[in-house]
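Shown here is one chain on its own, the form predicted alone, set out as structure tokens.
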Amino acid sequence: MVRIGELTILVPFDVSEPAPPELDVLEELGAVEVVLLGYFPVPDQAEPALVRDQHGSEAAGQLAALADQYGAVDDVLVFTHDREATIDRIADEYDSSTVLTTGRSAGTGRVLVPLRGDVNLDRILGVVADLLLAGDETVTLFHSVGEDTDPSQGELLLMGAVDRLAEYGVDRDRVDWQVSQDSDPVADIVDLGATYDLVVLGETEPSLRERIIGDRLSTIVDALDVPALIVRNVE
């Protein structure tokens, strides 16, 4: 059961911002496909077509320059009232299982993968396998069990995840795992994530609004300085 070449990453960014986003992490990833989504937020009271007439050429130029710099397989420019709905729609259109948030990274040599249980687990491990088979990264699988919980439950989850990655063809030497019994798993992930180059996070809620914005996921992503690769839960 070997996977390779199946990972398409959607990279949304606000094209109305004057400075280009930090996308240096894309240069470190292996043979993955990248689709750039430049979205231009349109105020509720404004017509997207009118905003496009005013800013379309400049936005298209910025998007094309980034696509050329990072070797994107495709790029999409959207003037939208609804950022999250646009991300979902374009991710579906390009069959992208992941969405990358921007952030400064020195490389992708060390990847942190927090696992919260069985929800979306198969998709997360599939993406991690694709990432490892396409590049040279090492991965730490992480689970927080809480102060009053038997840590063996978390250990079983993580050891099973390592076995799944090995079944995909990933060398076990590239994967380790860590269990935490601290009381604040969000703080754990944020603190630990700062010592890694990339964090892979899985969505837990499949509803349209919660896919990208989910409270806990949003809190973690907002607090991270490094990029986060979010694995969509589309079921």
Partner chain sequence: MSGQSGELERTLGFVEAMTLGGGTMIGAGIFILPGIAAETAGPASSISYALAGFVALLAALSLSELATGMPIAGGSYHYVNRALGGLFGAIVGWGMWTGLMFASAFYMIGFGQYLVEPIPFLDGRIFIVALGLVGLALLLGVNYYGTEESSAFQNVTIGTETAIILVFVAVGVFFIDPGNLEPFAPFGPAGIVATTGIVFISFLGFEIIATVAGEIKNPSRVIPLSMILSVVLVTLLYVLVMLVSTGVVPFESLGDSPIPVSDVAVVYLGPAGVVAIVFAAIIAAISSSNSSILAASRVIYAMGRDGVVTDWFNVNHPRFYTPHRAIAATGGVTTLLILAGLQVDTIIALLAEAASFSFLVAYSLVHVSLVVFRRADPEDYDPSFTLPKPLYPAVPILGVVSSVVVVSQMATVVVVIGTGIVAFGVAWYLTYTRGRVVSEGLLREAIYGPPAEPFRVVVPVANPATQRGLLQLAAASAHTNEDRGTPEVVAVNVTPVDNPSALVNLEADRADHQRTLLENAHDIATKMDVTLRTRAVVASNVGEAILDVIEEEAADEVILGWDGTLDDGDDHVFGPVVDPVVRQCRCDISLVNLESDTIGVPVAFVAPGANAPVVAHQAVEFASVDDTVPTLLNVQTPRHEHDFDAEERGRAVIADAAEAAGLDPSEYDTQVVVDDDVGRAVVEAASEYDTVCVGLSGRADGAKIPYGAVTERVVHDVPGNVALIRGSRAELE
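Predicted, not measured: the structure shown is a model, and the values here were computed from it. Positions refer to the first chain, counted from 1.
There is another form of the same protein, the form predicted in complex with its partner chain; it is not shown, and what comes next is about it.
Taking non-hydrogen atoms only, residue 78 approaches its partner chain to within 4.5 angstroms in the model of the complex. Using a 4.5 angstroms limit between non-hydrogen atoms, residue 183 is distant from its partner chain in the model of the complex. Of the heavy atoms in residue 171, none are within 4.5 Å of its partner chain in the model of the complex. Although the partner is absent here, residue 41 sits close enough that one of its heavy atoms falls within 4.5 Å of its partner chain in the model of the complex. Among 83, 110, 116, 123, the residue placing a heavy atom within 4.5 Å of its partner chain in the model of the complex is 83.
Out of the listed residues 166, 51, 194, 179, 51 is the one that sits within 4.5 Å of its partner chain in the model of the complex by at least one heavy atom. Between 43 to 51, 186 to 194, 171 to 179, 22 to 30, the stretch whose residues reach within 4.5 angstroms of its partner chain in the model of the complex through a non-hydrogen atom is 43 to 51.
The three marked residues, 143, 152 and 157, fail to reach its partner chain in the model of the complex, with no heavy atom of any inside 4.5 Å.
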